[in-house]
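What follows is a single chain, given as structure tokens, in the form predicted alone.
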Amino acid sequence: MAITQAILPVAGLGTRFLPWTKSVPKEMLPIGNQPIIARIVDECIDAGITDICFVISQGKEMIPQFFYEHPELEAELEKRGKLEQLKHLQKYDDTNFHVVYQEEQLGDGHAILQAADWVKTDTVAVLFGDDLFTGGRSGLQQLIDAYDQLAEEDSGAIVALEDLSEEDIPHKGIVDIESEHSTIAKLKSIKGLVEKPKIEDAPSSFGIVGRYLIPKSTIEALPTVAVGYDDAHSQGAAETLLAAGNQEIRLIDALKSQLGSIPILGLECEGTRLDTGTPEGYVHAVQVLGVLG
């Protein structure tokens, strides 16, 4: 089944980029003549995604507004013969954009949970904005290509992997690899996941880097991984527990809870990943992508 929906969790406060992010979302920082978020959306569209859900917080409405139609501006560009700029604006007209709010910062899984009612397909893409990919195929396209080659019974969750340097291991979710796929290059079966381990405790050097294909069952598992969850089976129960215990709902914990019940796979992606989540990484991304275009 084709992947046509994507969730983009972009509700974070971007505190490492203050004071700029006091008024402008980090995802709107420019790389070349595009904001970061446009590169993420373009990655979705180029991979055949037609429905995109932004998970934002109050004050970040600028993100979805960037992609909405602007008839007056488009008419003026056409009048002036600025057809290249007009074409760039119209590229988003056939994409359906949806917005939900994450009122509190209670984890990446909690952000995804806000979009649960919007998801209509069996499998949905999730893209986090701190990671950009360069190369012939985007990170998302590589995941979808692998997904399309799998038999239906083998298509559980697929995460993008990178063979990390030691200094990056304590900052990522690290996978424990069970085996290599017999026919799909660089696709690995995962038997364990550890969030931000110490270097000496890491089961491998392969970390998850910002791109996921997850089934609906993973979204349904998110409330159950809130610390203190008991017999209540609703998003509301998870919210109550989070508020009381100041805990987080993490996507990696939902995936861990599904180990053994669905295939959890990891694809070592080709190309170069750029980390825009820190000021230093952002500067590097501007330098690299400014040259590549």
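Numbers for residues come from their place in the sequence shown, where the first is 1. Because the structure is predicted, anything quoted here is derived from the model rather than measured.
In what follows, reference is made to the form predicted in complex with uridine 5'-triphosphate, a form of this protein that is not presented.
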{"item": "Heavy atom within 4.5 Å of uridine 5'-triphosphate in the model of the complex - residue from F133, F128, F206, Y147", "value": "F128"}
{"item": "Contact residue in the model of the complex, from L222, I174, A111, L213 (heavy atom within 4.5 Å of uridine 5'-triphosphate)", "value": "A111"}
{"item": "Partner proximity in the model of the complex: L187 to uridine 5'-triphosphate, non-hydrogen atom cutoff 4.5 Å", "value": "no"}
{"item": "In the model of the complex, V24 touching uridine 5'-triphosphate (heavy atom, 4.5 Å)", "value": "no"}
{"item": "is_contact(H284, uridine 5'-triphosphate) in the model of the complex, heavy atom dist at most 4.5 Å", "value": "no"}
{"item": "Touches uridine 5'-triphosphate in the model of the complex: C269 (any heavy atom, 4.5 Å)", "value": "no"}
{"item": "Which of 89 to 97, 102 to 110, 213 to 221, 135 to 143 lines the interface with uridine 5'-triphosphate in the model of the complex (heavy atom within 4.5 Å)", "value": "102 to 110"}
{"item": "In the model of the complex, residues of 6 to 21 near uridine 5'-triphosphate [heavy atom within 4.5 Å]", "value": "P9, V10, A11, G12, L13, G14, T15, R16"}
